[in-house]
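In the form predicted alone, a lone chain appears below as structure tokens.
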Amino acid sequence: MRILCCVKRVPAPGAKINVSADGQSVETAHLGFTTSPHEECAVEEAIQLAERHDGTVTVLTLGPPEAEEQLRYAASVGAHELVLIPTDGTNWDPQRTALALTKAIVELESGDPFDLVLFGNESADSGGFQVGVRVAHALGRPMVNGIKGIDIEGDQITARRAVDAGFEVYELPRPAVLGVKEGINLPRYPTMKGRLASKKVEMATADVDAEPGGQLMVKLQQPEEQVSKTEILGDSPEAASKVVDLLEELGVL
């Protein structure tokens, strides 16, 4: 079984994001980067499926040369093959990204389709929910997003998507595409042995390009910071009455 997992290099969640003066990019000088959380779970799920079905996992990303860091991390936890579509670091719109990924996937398959292609439900930075769907459509394969469980038996893939009342269950023929949601599993941490082994894994490059799509980013706008004010009511027994007054004001008493 061959499984492909597409990941994206994104700013580390929780980091303070600063926008450039012209509003066209994010200041990256002091930012840490990681794999988008949904996609980190997708990599783990791909590895678990490969372990159960004697398969291989290929991890593909589109991004700057620095994205090798995210590919090596995937290798350190069990991915077998790494592929980078190099860019100059500028942000690509979803249409262009999906077209480039589709071209790379077709080249990697060489007529032998991946049994399963996994994406994250959405990226942690842009959150567009588009790329996986566009790639699946271009490849002519069934696709379901928001997946929290995957089982494979024979030529059939069973995928579960969480809803308020429980789960929706989908049955898809291989090959198929799925968008994995964070929480489907608990991603493993790389061991020292895995980190050392990841440095020896060959990283291939896919020299594909795609014309920009019809979606154009106009401007990034930084939201106003919400400032919270802390008021100390006192540090002696006399502050007790003030605490009671505040609780009454808040409707707690």
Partner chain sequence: MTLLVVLEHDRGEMAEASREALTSARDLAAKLDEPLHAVLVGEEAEPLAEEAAKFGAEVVHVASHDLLTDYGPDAWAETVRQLAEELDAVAVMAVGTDRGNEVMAQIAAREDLPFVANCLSVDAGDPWELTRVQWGGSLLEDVTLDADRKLLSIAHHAVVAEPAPEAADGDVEQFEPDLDDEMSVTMVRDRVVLTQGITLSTAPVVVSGGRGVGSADGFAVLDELAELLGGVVGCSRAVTNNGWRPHASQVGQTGTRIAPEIYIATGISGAIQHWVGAMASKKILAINTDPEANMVVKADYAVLADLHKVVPAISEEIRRRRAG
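Each form is matched to the other, and the largest set of C-alpha atoms that superpose within 1.5 Å is called the rigid core. If you're wondering where the values come from, they're calculated on a predicted model, not measured in any experiment. Numbering follows the first chain given and starts at 1.
Note that the form predicted together with its partner chain isn't included here; everything after this is about it.
Can you tell me if residue 145 lies within 4.5 angstroms of its partner chain in the model of the complex, counting non-hydrogen atoms only? Residue 145: contacts its partner chain in the model of the complex.
In the model of the complex, residue 133 touching its partner chain (heavy atom, 4.5 Å): Residue-level check for residue 133: yes, a contact with its partner chain.
Answer for residue 127 alone: is it within 4.5 Å of its partner chain in the model of the complex, judged on heavy atom distances? Within the cut-off, so yes.
4.5 Å heavy atom contact, residue 103 to its partner chain in the model of the complex: Residue-level check for residue 103: no, no contact with its partner chain.
Considering non-hydrogen atoms and a 4.5 Å limit, which listed residue (206, 220, 50, 210) is close to its partner chain in the model of the complex? Contact check passes for 220.
What are the residues of 236 to 253, in order along the chain, with a heavy atom within 4.5 Å of its partner chain in the model of the complex? Residues within 4.5 Å: 236, 237, 239, 240, 241, 243, 244, 245, 246, 247, 248, 250, 252, 253.
For residue 202, state whether the C-alpha moves by 2 Å or more between this form and the one not shown after rigid core superposition. Comparing the forms between this form and the one not shown, which are aligned on their rigid core, residue 202 does not shift its C-alpha by 2 Å or more.
Tell me whether residue 227 is among the residues that move between this form and the one not shown (Cα shift of 2 angstroms or more, core superposed). Yes, the C-alpha position differs by at least 2 Å between this form and the one not shown.
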